[in-house]
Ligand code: MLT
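There is one chain below, alone, in structure tokens, taken in the form predicted alone.
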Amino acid sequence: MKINVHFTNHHFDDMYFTGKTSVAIDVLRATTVIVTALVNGAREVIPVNSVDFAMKISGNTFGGQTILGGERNTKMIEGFTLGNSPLEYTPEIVAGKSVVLYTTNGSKAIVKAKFSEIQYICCFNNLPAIANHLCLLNKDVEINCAGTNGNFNMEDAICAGRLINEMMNFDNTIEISDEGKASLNLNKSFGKNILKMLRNSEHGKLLIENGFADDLKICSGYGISNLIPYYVSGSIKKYDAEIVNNINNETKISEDAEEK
């Protein structure tokens, strides 16, 4: 089992992740929002890579049961119902709804890896559950950090390092890439106090300046959820092994039919 970490994904084309097991991380704040929305009863989260596509989807599907959420440069987008604060995604607002999510970095990173065999969504909130699940899966893993505008950021790299560290507690024979080793060291040096780290990160400081200090408290919550979100066929849902196996079987049947 090998773990590759990518501090940014802008240098990959969409086909890089084809057939691979991947994990998307955008601690501040997209993957935290996704976990929060699903915990609070959202039917699904549909990540998109443009505002125009978000508006198109919301206008054409689900008979009014769709909510537009996200941000551009930390601020809620005009015409959207919600921003990108996990505090906004309450049960009263999202339960039973499909959330179309556009964010500056996170939703784009998830869409970038849309051809993964299966893609999981990770933040500090559900990290131990993801680590345990990946070890049970026992497949090579691509950890896809959203970064910031195509560049490295501290919080995603440290989350990746913490994920690897948790996985090593289950299996110390895991092979780790160079970026993975670097993320482990960053977690060791700066990850002891997650909230402090987030407050001192560049993006954390920007969020504080823009009035989102309370978001950092939510995003720093460690292991507070056992939810395992996965992306398949354009949307993110709660992981259900039986459903995923059925999807994989249907895909295999379809591929076999095409070969014949």
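So that there is no doubt, residue numbering starts at 1 and follows the sequence shown. Since the structure is predicted, the reported quantities are computational estimates derived from the model, not experimental observations.
Separately, the form predicted in complex with the ligand exists; it is not shown, and the next lines address it.
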Report the residue, out of 81, 177, 90, 104, that has at least one non-hydrogen atom within 4.5 angstroms of the ligand in the predicted complex.
104
Would you please decide whether residue 28 lies within 4.5 angstroms of the ligand in the predicted complex, comparing each non-hydrogen atom pair?
yes
Contact of residue 142 with the ligand in the predicted complex (heavy atom, 4.5 Å)
no
Verify the contact flag for residue 68: yes if a non-hydrogen atom of it lies within 4.5 Å of a non-hydrogen atom of the ligand in the predicted complex, no if not.
no
Interface membership of residue 207, the ligand in the predicted complex, 4.5 Å heavy atom rule:
yes
To test your reading of this chain, name the stretch in 115 to 123, 184 to 192, 132 to 140, 96 to 104 whose heavy atoms come within 4.5 Å of the ligand in the predicted complex.
96 to 104
